[in-house]
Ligand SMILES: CC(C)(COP(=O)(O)OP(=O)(O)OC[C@H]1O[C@@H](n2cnc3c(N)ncnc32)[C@H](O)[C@@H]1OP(=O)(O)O)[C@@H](O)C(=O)NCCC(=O)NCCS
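Next up: a single chain in structure tokens, the form predicted alone.
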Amino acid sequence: MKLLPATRKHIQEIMEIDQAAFPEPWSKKLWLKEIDRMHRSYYVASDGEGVIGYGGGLLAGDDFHITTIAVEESNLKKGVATQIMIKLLEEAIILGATDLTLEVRVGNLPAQALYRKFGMAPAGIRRSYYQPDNEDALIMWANDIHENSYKVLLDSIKRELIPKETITS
């Protein structure tokens, strides 16, 4: 699997995953606008045959806000989202972010578990944030992502992704 900066050539595949993953997917116009804007980072995960996941976010002051992340259903639970998160966080740190935030559906427990692995903690609720079903959003934050202690966390998550067979003593 490779992580590549999202470009216009990826939009159709991104939109297909987006439509399958979310009740209110982004429009093509919004996707094109987002990937071209300053202080944004969007990446796709490719298996060599096509896009199997994507994620992105924006820098707002010192905060990096993850705006979206999704993985093709047949590739869930294979570490794709974890690798996308690592890439986004590395990019956020390069952009100068000190803190990380996002909103996630209160009912999306697998996503919340992923974000907790990256040191994110609940900080509040946005009532009826998600449409059309009025589901609440859990606001999550991780602070001091630019500090060495956070780099240690990222490195430990990366090590977990290395297949055990490739580790030699």
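Computed from a predicted model, the values in this text were never measured in an experiment. Start at 1 and count along the sequence shown; that's the residue number.
The form predicted together with the ligand exists for this protein as well; it is not shown, and the discussion that follows is about that form.
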>> Among the candidate stretches 40-48, 55-63, 25-33, 105-113, which one is within 4.5 Å of the ligand in the model of the complex when only heavy atoms are counted?
In response: 105-113
> Using 4.5 Å between non-hydrogen atoms, is I86 touching the ligand in the model of the complex?
Replying inline: no
>> With a cut-off of 4.5 Å between heavy atoms, is G79 one of the residues that contacts the ligand in the model of the complex?
In response: yes
> Is I139 close enough to touch the ligand in the model of the complex, meaning at least one heavy atom pair within 4.5 Å?
Replying inline: no
> in the model of the complex, does K117 have a heavy atom within 4.5 Å of the ligand?
Replying inline: yes
